[in-house]
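The data below hold one chain only, encoded as structure tokens and taken in the form predicted on its own.
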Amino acid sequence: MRIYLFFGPPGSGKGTQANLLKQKFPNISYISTGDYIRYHIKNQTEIGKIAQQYISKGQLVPSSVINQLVLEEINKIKTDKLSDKVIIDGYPRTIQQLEFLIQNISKPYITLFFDITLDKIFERICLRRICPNCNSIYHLIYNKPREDEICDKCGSKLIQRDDDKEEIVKTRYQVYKVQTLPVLKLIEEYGIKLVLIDSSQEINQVFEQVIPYFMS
């Protein structure tokens, strides 16, 4: 199994690129820790209640919770033999999570680092809208729905996530700089290939940078 880490700050376009890859290569598996956590919050599970306390403040969900979620999803993919290529988005976000991944799951095949400026992050995140029903992602400038604030796919009313609001985004970015950026250095020390992606460009231009790493 090849594990591809999608790494970068909030709003860098990791989820958008992963979904484009899944459309082109349906056999690719995709693990988004953010999507799983939001599912648990929406359904008010015990994990969701714990996670909400941290996310509402722009903080990271405890590693013990995230590690277990990722391990369970990887085991499902292995059991069902769904794919030999797995994208993990939003994990690892701490050194402890990276060490857990390598020791208990697998050493990643490659890390794609989606680089973007803080100004661009604010523009992308604060104008982002999500479909609460089918999880489709839109943007009020770059990827507008055909009908204002309505999902093209299922017709649901789009929402702005609480963690996409400006004050929370500022906190998330500071947490990212302090806790997550150091993971990049350790990734290189472990000998995991690290590729820089300029994610400030348009979606299709970013995709052109990403797709060559999935062609083999």
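Because the structure is a prediction, the values reported are computed rather than measured. One-based numbering along the sequence shown.
Another form exists, predicted in complex with a small molecule; not displayed. Remarks below refer to it.
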Stretch from 28 to 36, 42 to 50, 185 to 193, 145 to 153 whose residues place a heavy atom within 4.5 Å of the small molecule in the model of the complex = 28 to 36
Might Ile55 be said to contact the small molecule in the model of the complex, defining contact as any heavy atom within 4.5 Å?
-> yes
In the model of the complex, Val61 touching the small molecule (heavy atom, 4.5 Å) = yes
Partner contact for Pro108 in the model of the complex: the small molecule, 4.5 angstroms, heavy atom = no
is_contact(Lys165, the small molecule) in the model of the complex, heavy atom dist at most 4.5 Å = no
When you measure heavy atoms, are Ser12, Val86 and Arg124 every one within 4.5 angstroms of the small molecule in the model of the complex?
-> no
